[in-house]
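First comes one chain, alone, set out as structure tokens in the form predicted alone.
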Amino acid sequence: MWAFLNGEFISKDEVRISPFDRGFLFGDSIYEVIPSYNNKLFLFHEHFERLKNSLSIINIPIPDSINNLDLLIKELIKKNKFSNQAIYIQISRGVDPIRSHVADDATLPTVFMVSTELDINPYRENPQKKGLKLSLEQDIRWKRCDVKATTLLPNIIPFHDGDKSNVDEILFHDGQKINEGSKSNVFFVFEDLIVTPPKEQNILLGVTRNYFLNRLSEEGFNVSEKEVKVDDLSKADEIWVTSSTKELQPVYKVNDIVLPEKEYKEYYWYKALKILEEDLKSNS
């Protein structure tokens, strides 16, 4: 397996990053995950723009080495050989000579990239598979979730707090407002209306979230960005989560609330996945 670090492709086992890297010491870094199907990147430009936006917000200069990021990724894909891959990119502010909250002016960003095999979404292969189980948790994250930062401790804590062995995802809420999952965006269906929390809330504008919003709208579905409350969960006909590696996956249960069941072809999530499948065929 191969990785990319600061301008070089090296064996994954040989990757070394200094403990004085600000990404290690402060979580002073951002990341991006891009899917590739049949050796072709999907929604690359949208991911790349979000990567640059995250860098801009936290004032890390865009490294010269990512000006041709698509070519670097394609080379990594070729080296790691899997047909479908998830490409992880992390950029930190770099290595400082001493630990300080204020970075040295000479600090250069650290650029790291690796890819892993991307499993096919099981709900595309078997739409009758049981949905995911979600657990509601109070949102204790920072107020800039629009930045795809590596500082994910609040996202991780709930999975290690008590027995979460049968929980697939955490659903964060701020009082009554539902924001998003710990590693996904969330959609709800109320009768024929497909809803997802708006960008004005404390959420990451997921590339896959935006893709489904746009494509469902183009295909004539009734979609909206608006607030969804915890009390609305019992009224939902469907709930889905979306992410770049999970695509779209349906929810079976949130805490003790079990979602209504029907023939899988009648679900809106199934129709959305069929749209994705057609787009992936066109992309191949």
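In this text the structure is predicted, and so the values were computed from the model without any measurement. Sequential numbering from 1, following the sequence displayed.
As for the form predicted in complex with N-(5'-phosphopyridoxyl)-D-alanine (PDD), it is not shown, yet the points below apply to it.
- Val207 belongs to the set of residues with a heavy atom inside 4.5 Å of N-(5'-phosphopyridoxyl)-D-alanine (PDD) in the predicted complex.
- Contact check for Val33: a heavy atom falls within 4.5 Å of N-(5'-phosphopyridoxyl)-D-alanine (PDD) in the predicted complex.
- Using a 4.5 angstroms limit between non-hydrogen atoms, Gly94 is distant from N-(5'-phosphopyridoxyl)-D-alanine (PDD) in the predicted complex.
- N-(5'-phosphopyridoxyl)-D-alanine (PDD) in the predicted complex comes within 4.5 Å of no heavy atom belonging to Lys253.
- You can rule out all but one of 130 to 138, 70 to 78, 95 to 103, 179 to 187: in the predicted complex, only 179 to 187 has residues with a heavy atom within 4.5 Å of N-(5'-phosphopyridoxyl)-D-alanine (PDD).
- Of the residues Ser65, Ser234, Ser56, Thr245, just one reaches N-(5'-phosphopyridoxyl)-D-alanine (PDD) in the predicted complex with a heavy atom at 4.5 Å or closer; this is Thr245.
- Contacts to N-(5'-phosphopyridoxyl)-D-alanine (PDD) in the predicted complex (heavy atom within 4.5 Å) from stretch 131 to 163: Arg141, Lys148, Asn155.
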